[in-house]
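Below, in structure tokens: the form predicted alone, a single chain.
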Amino acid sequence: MPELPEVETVVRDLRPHLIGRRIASVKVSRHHLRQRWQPAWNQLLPGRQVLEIRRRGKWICTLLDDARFLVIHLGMSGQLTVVPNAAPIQKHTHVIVGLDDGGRQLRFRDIRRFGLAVLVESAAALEVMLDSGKLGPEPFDLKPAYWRKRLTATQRSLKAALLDQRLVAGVGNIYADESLFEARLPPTQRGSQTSAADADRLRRSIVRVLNRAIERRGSSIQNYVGGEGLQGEYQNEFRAYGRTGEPCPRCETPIERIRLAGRSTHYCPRCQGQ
């Protein structure tokens, strides 16, 4: 599933292609995504100008000149790219937005159809929509006191806490493992057992890992590509995630994999030992 660095990369790629452009046409497939596309949106979108594209957690929010937002979530396998009109339409492409330059289209492709594309009426409606999922603060905006309080209040493992979008937005399985490795903390440790110093170290580690991943355009493991169709490169720098049995880059102890919080979890039993 695309996580914060992947979604941020898509947003940064799309901005120069979309901001200032007007929507010329909209075409949707007959297959529904997580939420049904409303036919009325086909009439509301053409003619609208794109003013801004921003990310909130794993959500892509495109502000239009009528104060509405085209909101997209990539789900588990979504790809949102700008391509020439003449590019072959790939199977599982569900939304095609023509642009007023006459030569390019914004295409949303989603093999597993867990993604979402909706038109939201206003900034207030968007806030309600995101708040309904109890979306926590951005990792880059985590206040030390907030993070320590929320982390030490839970009996769940650190891995489970990092995956909880209500505590912190945008972190998923890959970057939870990488952040815990960076912080030298065991993924099984309960939040309530975490000292203030360890909580602060984890907070800083999350930011460092995410910034490095954004610099490398995210991680391409299965379907992910950025907004211009380019793959990420951070998967070449994983230190824990997906490296079961390989030597730890710090101490050469084999990386182990366990099932935790319903997800595969990778860690070094020596560097991250209790």
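All residue numbers are counted from 1 along the displayed sequence. All values reported here derive from a predicted model rather than from experimental measurement.
Although not depicted, the form predicted in complex with the DNA is the subject of the following passage.
Asker: Taking a heavy atom within 4.5 Å as contact, would all three of His73, His92 and Phe114 count as contacting the DNA in the predicted bound form?
Answerer: Yes.
Asker: Go through Arg12, His17, Arg263, Arg22 and name the one with a heavy atom inside 4.5 Å of the DNA in the predicted bound form.
Answerer: Checked against the cut-off, the match is Arg263.
Asker: By the heavy atom within 4.5 Å rule, which residue out of Pro186, Gly98, Pro137, Gly172 makes contact with the DNA in the predicted bound form?
Answerer: Comparing distances to the DNA in the predicted bound form, the residue within 4.5 Å is Gly172.
Asker: Is the gap between Gln155 and the DNA in the predicted bound form 4.5 Å or less for some heavy atom pair?
Answerer: Within the cut-off, so yes.
Asker: Does at least one non-hydrogen atom of Glu8 fall within 4.5 angstroms of the DNA in the predicted bound form?
Answerer: Close contact is absent here: in the predicted bound form, Glu8 is far from the DNA, nothing within 4.5 Å, heavy atoms only.
Asker: Find out whether any non-hydrogen atom of Gln222 is located within 4.5 angstroms of the DNA in the predicted bound form, and reply yes or no.
Answerer: Yes.
Asker: Hey, in the predicted bound form, does Lys58 get a heavy atom within 4.5 angstroms of the DNA?
Answerer: Flag for Lys58 set to yes.
Asker: Out of the stretches listed (84-92, 119-127, 178-186, 98-106), which one is close to the DNA in the predicted bound form, meaning heavy atoms within 4.5 Å?
Answerer: Only one stretch passes the 4.5 Å heavy-atom test: 84-92.
Asker: Are there residues in 234-259 with a heavy atom within 4.5 Å of the DNA in the predicted bound form, and which are they, in order?
Answerer: Heavy-atom contacts to the DNA in the predicted bound form: Tyr241, Arg257, Arg259.
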